[in-house]
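One chain follows as structure tokens, the form predicted alone.
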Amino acid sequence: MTGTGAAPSGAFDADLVVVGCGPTGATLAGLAALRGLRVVVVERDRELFALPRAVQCDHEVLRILQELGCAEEVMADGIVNEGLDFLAADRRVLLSFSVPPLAPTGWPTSVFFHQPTLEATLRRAVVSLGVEVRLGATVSALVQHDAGVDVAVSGAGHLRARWVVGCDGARSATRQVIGTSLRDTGFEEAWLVVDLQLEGAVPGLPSRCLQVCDPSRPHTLVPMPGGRFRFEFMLLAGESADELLDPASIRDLVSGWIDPALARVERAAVYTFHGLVASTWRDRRVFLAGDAAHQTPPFLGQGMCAGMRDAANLAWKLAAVATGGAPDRLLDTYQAERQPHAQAVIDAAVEFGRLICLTDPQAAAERDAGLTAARTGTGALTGGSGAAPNLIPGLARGAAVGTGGGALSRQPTIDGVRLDDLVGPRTALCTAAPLDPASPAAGWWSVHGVALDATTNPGLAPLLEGREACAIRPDRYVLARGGVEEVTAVAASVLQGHGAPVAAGS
């Protein structure tokens, strides 16, 4: 599927070809198109997958969907996540985490959704942005050149593109082009996932997620919108997938919580939960994103979220190189930033899974005692019976993150408009006082971004954290904080490859 050769002749058919139109691929395509790139998505399936898989997204994903213009619609179709309770086998509450209703990004901290509904909404938004989506097509070959990639599409000829990003899932064919291996975290457990369509109101079902730490069979309950409910049951040693997928077995498993006659099984499938990370995410002009680059156990609900973070991180960098004069080395910061970030989330999910998946009664009893101690304030676990700990790290300082940067920025509302809507797909500078119009910094930002000040817009003050200036990248992570000249120099280094503030037009 891969090769090298002389540079392709003729104009490019697209700046970017995205392989796969799942949530990661669609998000990347839409964000790249918003930044002026010509994007073609190649998707092997003709129809959306009709059954739910992912069920939760966080506030950062809602913020990404905000930029694509569909966050409000996703919210209208979802339900806000209230929090998570750990229960003992006898259903005593061991530990309880509440989810703040609103995050500093301006969106609910966590929302449960129905994936086919979300994907349909996302695709409509992406197509409206001018993305060409070719359904029922597969990429059969990729040949890289110095200036681009020749993409052979089965039954649809060839495309010439500047870059290709494989968002083609856990069995990614694009990953073979990269020639990378997957590093295994050592966690592997099989679970039965059962999605129910409720026939009506069912009393007794929880309105928040429950993790039942029962050593006889660990299981999870997740409320879903649209009259749906999800159960997840761990397979025990010696059990087969076929055994648990038997309708009688499913009825027995759910009957501890619901009368099976009150619901219809919409989907039942056995998945092996594991944590995997690709060692290489870029080979010249071909990249990996989403499940093609990393796979996480679902215990934190971060699989889809991680892929959409990949998309947000990579889209602005591709556009900066393609149209903004940024150096190609900016694209190397994609893996440098996203791999440790994704790995940290996977590691947290693995530890979470190991805590849940205990089947030894003695070990489970010790765990229960530890969770109870944490709830009562006498143990070492973080969180207690209050707000959930923040398990999503910031970005480490590096080539695209300067001093004081790396955190996801807040999103205040300015005169009734959310900050991101005001800024658009640009790098933003927030300052304590207005810039001198004659200064090199003012000239530079008038060309390469947008400058706002907390004197005119007091709601921006928290972004500064007491500093003179704060630069925010197009993916809404803080680029740097400090003096105006210092922060502008960091922005110039990232977007133009040199570090001195420059005048307008340079």
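Sequential numbering from 1, following the sequence displayed. Owing to the predicted nature of the structure, the values given are computational and were not obtained by experimental measurement.
Beyond the structure shown, there is the form predicted together with a small molecule, which is absent from this document and is the topic of what follows.
Using a 4.5 angstroms heavy atom cutoff to the small molecule in the predicted complex, all of Gly22, Val55 and Gly290 count as contacting.
Though the small molecule is absent from this view, in the predicted complex it lies within 4.5 Å of a heavy atom of just one residue from Ala469, Leu31, Leu479, Val42, which is Val42.
Contact annotation: of the candidates Phe273, Trp107, Phe229, Tyr334, the single residue with a non-hydrogen atom within 4.5 angstroms of the small molecule in the predicted complex is Phe273. When contacts are judged by a 4.5 Å heavy atom cut-off, Val193 counts as touching the small molecule in the predicted complex. Although the partner is absent here, Thr138 lies within 4.5 Å of the small molecule in the predicted complex, judged by heavy atoms.
At the 4.5 Å threshold, heavy atoms of Cys167 reach the small molecule in the predicted complex. Ala349 falls outside the set of residues with a heavy atom inside 4.5 Å of the small molecule in the predicted complex.
Partner proximity in the predicted complex, defined as non-hydrogen atoms within 4.5 angstroms of the small molecule, places exactly one of 350-358, 182-190, 404-412, 303-311 at the interface: 303-311.
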